[in-house]
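There is one chain below, alone, in structure tokens, taken in the form predicted on its own.
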């Protein structure tokens, strides 16, 4: 971006002074999302107003094109660069096999169809995110209003502590200027710069407009990915969790992921 840090801090300070819609819009445009909502307006006692989560039903992905449609939708909306060098790859949504998705959770009698299935992976937006705990600048933070783990690209200093702490490999580092690898960029979402970490944000900017995450919208025909509020007993995600056995990635890490997988049954 052409705006330097000093200009950003001036605008951020102005938005705080204004305290109204205009200020939030300015800051939201820079961060890709609005500022953290106050606890008092979004909390029910000690519980959050909502806890947003994703359920991925791997049984409903029938072919490679269905995976790719979801990945492309996510990456296009968020200006994720397409870099062929795997060492410099940037990904918000990607496919992986069972062994690498759920290490140590398989066994020799597991259904063969599951063992050889691809799984859709993304940031887990954990209840206890290790990435937030280690970030020295609060560039990554968890929203109290809904549990989404966000990134403030302007605060990121590229130390990559968050990448080291994340048990799921859900963060990417921009080793090169990503803007040179984006075709037809989406003007409604900020591009990043060299030296910045990025990841899935549960489409926070779309949720603000009343839209579903791009990946969920892309697979609406087969409902392979479902998004909703864990605090709402009548939500679709709660219904799936009640009626299907689901697993999470690396439960031993103790982060309590908010992405659940239906793998059989």
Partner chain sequence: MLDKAIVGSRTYWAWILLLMGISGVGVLSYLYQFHFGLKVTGLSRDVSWGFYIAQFTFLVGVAASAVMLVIPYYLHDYKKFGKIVILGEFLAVSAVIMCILFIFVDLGQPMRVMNVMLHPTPWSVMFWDMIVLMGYLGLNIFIGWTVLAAERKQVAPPKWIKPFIYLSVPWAVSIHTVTAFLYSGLPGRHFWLTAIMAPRFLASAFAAGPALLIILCLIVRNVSKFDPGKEPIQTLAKIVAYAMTANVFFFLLEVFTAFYSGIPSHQHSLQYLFTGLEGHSNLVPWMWTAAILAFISLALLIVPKFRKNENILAVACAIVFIATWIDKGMGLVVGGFIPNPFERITEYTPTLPELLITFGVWAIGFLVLTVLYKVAVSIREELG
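Numbering follows the first chain given and starts at 1. Only a predicted model underlies this, so the values are computations on that prediction, with no experimental measurement involved.
Below: the form predicted together with its partner chain, not depicted.
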Does its partner chain come within 4.5 Å of a heavy atom in each of 138, 155 and 164 in the model of the complex? yes
Partner proximity in the model of the complex: residue 97 to its partner chain, non-hydrogen atom cutoff 4.5 Å: yes
Residue contact check: residue 88 to its partner chain in the model of the complex, 4.5 Å heavy atom: yes
Should residue 134 be classed as touching its partner chain in the model of the complex when contacts are defined as heavy atoms within 4.5 Å? yes
Please check if residue 110 has a heavy atom lying within 4.5 Å of any heavy atom of its partner chain in the model of the complex. no
Even though the chain is shown alone, can you say which residues of 158-173 have a heavy atom within 4.5 Å of its partner chain in the model of the complex? 158, 159, 160, 161, 163, 164, 165, 166, 167, 168, 169, 170, 171, 172, 173
